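Below you will find one chain, with nothing else, as structure tokens; this is the form predicted on its own, and questions on how it binds or moves follow later.
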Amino acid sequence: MDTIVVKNLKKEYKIAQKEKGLAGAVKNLFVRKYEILRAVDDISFTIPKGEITAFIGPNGAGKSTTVKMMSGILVPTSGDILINGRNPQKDRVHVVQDLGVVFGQRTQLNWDLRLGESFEMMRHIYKIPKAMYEENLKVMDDILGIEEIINIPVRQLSLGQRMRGDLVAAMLHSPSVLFLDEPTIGLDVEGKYAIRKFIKEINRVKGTTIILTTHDLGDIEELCKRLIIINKGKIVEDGPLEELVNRIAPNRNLVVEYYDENYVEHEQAKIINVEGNIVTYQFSKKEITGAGLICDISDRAKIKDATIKEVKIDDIIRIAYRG
């Protein structure tokens, strides 16, 4: 069963056009012209239960607008959204009970309370049974080590500690769907490791369906098998990350260092650069594997070293952004 269903979703904004100068200002008082800005332009996708999906795009592409419509914050101009079979605008109370949302730049924690007191406040807001609350808090502590900071006032937490607190707050009521908007933004290496570990574990332990919007390519590579790319309000790519990489950049480079300048050619690889005893071959993964190419070359000549140059994921995504 699909946890999230989005069909023909659109979001339009009506923007007043202002004419320049004093005469234009006077005219604007009596005659208004408007421009329709379509932030989300007829997009459709489904996300099955338990999937971690990256929902990405350049700034202003429509990512956050889509997430806000899926979480019920914004009302679509047209189209349909179902979260576990319910519409987030028409049945907001029930949908919110089954949603967790974390925005990297905003917190749902109370700055004037200790972290633990913020959790208690969330327990009363969501009417979480005490047994469930304590069990969920224990699971979160096992994953994020939250006990060590639970008595610290929220305003005194570091960015990484606050993000851990926000993730716990989002999961206390056991939502089946979690929206994460830039969860690792501004974090150091340790902070990113903790957040990524949480995402993996909560998905494994509770089968949580996760939508991740991020500009951090490390998040995508480490967490997501599926990628939805939106640009200018339209979905330009939707599918497995590996399939996208292989389609956009089917070739790889193999750099071979020989003991001398007597290099060999290969019928399934093209030589694209020679610098003394270092030769760069280009090959298609569909025709031969990197390991197979290295074996063939080493059977024909003595090689000192060999390195496969994989395509960088940021190059692939940049190409995808351009459609």
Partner chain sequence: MSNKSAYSFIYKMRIQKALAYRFDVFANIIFQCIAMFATAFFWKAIYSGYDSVQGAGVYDMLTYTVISAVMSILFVTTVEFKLMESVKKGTVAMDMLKPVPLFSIYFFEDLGNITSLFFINGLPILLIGSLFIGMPLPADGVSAALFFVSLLMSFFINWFFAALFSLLSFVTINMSPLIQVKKHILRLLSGSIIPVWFFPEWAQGILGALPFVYIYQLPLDLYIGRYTLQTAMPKLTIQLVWLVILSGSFYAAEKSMTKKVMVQGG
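All of these numbers come straight from a predicted model, not from anything done at the bench. Think of the rigid core as the biggest set of C-alphas that the two forms share within 1.5 Å after superposition. Numbering follows the first chain given and starts at 1.
Although not depicted, the form predicted together with its partner chain is the subject of the following passage.
In the model of the complex, segment of 213-221, 142-150, 183-191, 107-115 with a heavy atom within 4.5 Å of its partner chain: Selected range: 107-115.
In the model of the complex, the one of Ile73, Met132, Leu82, Ile248 near its partner chain [non-hydrogen atom within 4.5 angstroms]: That would be Ile73.
Interface residue in the model of the complex among Lys206, Lys225, Arg196, Arg92, criterion: non-hydrogen atom within 4.5 angstroms of its partner chain: Only one listed residue qualifies here, and that residue is Arg92.
Heavy atom of Leu244 within 4.5 Å of its partner chain in the model of the complex: Residue-level check for Leu244: no, no contact with its partner chain.
Glu201, heavy atom within 4.5 angstroms of its partner chain in the model of the complex: No.
Partner contact for Val236 in the model of the complex: its partner chain, 4.5 angstroms, heavy atom: So Val236 does not count as contacting its partner chain.
Proximity of Asp98 to its partner chain in the model of the complex, heavy atoms at 4.5 Å: Flag for Asp98 set to no.
Is_shifted Ile36 between this form and the one not shown (CA, 2 Å cut-off, rigid core): Yes, its C-alpha moves 2 Å or more.
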